[in-house]
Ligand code: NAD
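What follows is one chain in structure tokens, specifically the form predicted alone.
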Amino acid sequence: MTITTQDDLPLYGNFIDKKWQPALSGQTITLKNPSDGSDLALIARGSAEDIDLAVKAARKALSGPWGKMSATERGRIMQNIGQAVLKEIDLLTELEAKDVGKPLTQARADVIALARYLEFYGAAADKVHGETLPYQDGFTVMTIYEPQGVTGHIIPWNYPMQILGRSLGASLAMGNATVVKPAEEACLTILNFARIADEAGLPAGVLNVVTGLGLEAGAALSAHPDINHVSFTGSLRTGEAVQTAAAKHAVPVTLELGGKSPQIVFADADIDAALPYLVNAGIQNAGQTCSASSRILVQRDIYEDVVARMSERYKALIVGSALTDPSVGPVVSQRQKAIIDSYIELAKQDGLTIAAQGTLSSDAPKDGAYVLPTLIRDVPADHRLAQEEIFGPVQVIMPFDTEEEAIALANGTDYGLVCGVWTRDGARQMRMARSVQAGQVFVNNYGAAGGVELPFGGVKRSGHGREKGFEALYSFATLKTIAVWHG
């Protein structure tokens, strides 16, 4: 799967039609280790020509054994791949930690989640049923679900394995063939997953992986005329470009475009239970999480207490190299670090109060992309830090007085992905859950431990379509109605 260059760096080619091959241009991209800034590996710099080869291979697979395979057989292969992933958990964990900068504990959890997606969707493959519809006398009418065809998957750098699992798993379960374009910043686990899936018996052409720049390979995939569905997770700006390109061929798109997700803490909440979620949901994966809780809204009666207790937790956070398994690892790149640092500097320039920050480990490599987790208090609702997705370990905290004010603050951004509500009042729980604009609402928890089974997606500028759970299966299928006249 790899060769060694003169610089002793592993070189990864594209995986197309069951074969590893360099980019047709011969060009490569150098990956950096965000923990220390060192060169990590070389990947192929795929282009439109490589994407076209991959799409053709996927199209061919649909007319081969994969297209003729029963849903039960597909499911077995997927579950076998899930088990094979777990057998290589140590390798995948280390690669994800080096590539993304995730602490080892978080990287390992992502490997387990990838396997779980394959197990869940593999088991679901033969359980998507159509219906028989009552109609006029003399007709029997039924519906069936069919694969869409070739699906394209543009995967971001923050959770390569998890987002691959939830997107690819649903598509394969429905019988589609796929082309995956990983983020150029972090793709080593996806490339190794392609090898694992191949060795576990996935037929040729069913999974194709083309690496490269988003503006080249990613743009070519979303605009390809022979793609039948595009799944994209990433920034709002890039998502708009993907949807525009796909629209030229009337191709449906699933978009997950991030958020500015609040946790709302009422005075009657169990603060001891809430505190770990209030902090961890903002700093996990160095805050580079679409559903990160970047806004904490606290009822004024308990505001100072919550600020003080969150500050204590922030001061105890240690930032360091991913392989040391710290509280918080580096962000993915120096470019991302510069963006996050600019927001923290903006807070200082505007006179906002930094309530607390984490601590950089004494042994953290000097060239790593480290950002101190930062809690900023009393942020005005219309300030950029309260409105824009920072995508780093930065949380803002602000007070509210009434339930109505809390709803207005929660809904007062362009995003609507996730919301957390902390209150013991059962009626208020339901009022808040129904009133906030979000694709997921968690009451007295945040995230529900990931929940492969739980449909996930946003409203407003957080995107559209749903991933995870059974709902995702229908997104990757075409519903056909059959009406038989028999008199």
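These numbers come from a predicted model, not from an experiment. One rule holds for the numbers: they count along the sequence shown, beginning at 1.
The form predicted together with this ligand exists for this protein as well; it is not shown, and the discussion that follows is about that form.
Just one of 369, 375, 188, 290 comes within 4.5 Å of this ligand in the predicted bound form, counting any heavy atom, and that one is 290.
Residue-level contacts in the predicted bound form: of 251, 183, 364, 200, one residue has a heavy atom within 4.5 Å of this ligand, and it is 183. Annotated contact segment (heavy atom within 4.5 Å of this ligand in the predicted bound form): 251-259, selected among 97-105, 115-123, 167-175, 251-259. For the three marked residues, 419, 433 and 440, no heavy atom of any sits within 4.5 Å of this ligand in the predicted bound form. For the chain shown alone, residue 379 is not a contact residue for this ligand in the predicted bound form, no non-hydrogen atom being within 4.5 angstroms. Interface residue remark: residue 193 is not counted as part of the site for this ligand in the predicted bound form, having no heavy atom within 4.5 Å.
By the criterion of a heavy atom within 4.5 Å, residue 218 is counted among the residues contacting this ligand in the predicted bound form. The closest heavy atom approach of residue 235 to this ligand in the predicted bound form falls within 4.5 Å. If you take 147-162 and check each residue for a heavy atom within 4.5 Å of this ligand in the predicted bound form, you get 154, 155, 156, 157, 158, in sequence order.
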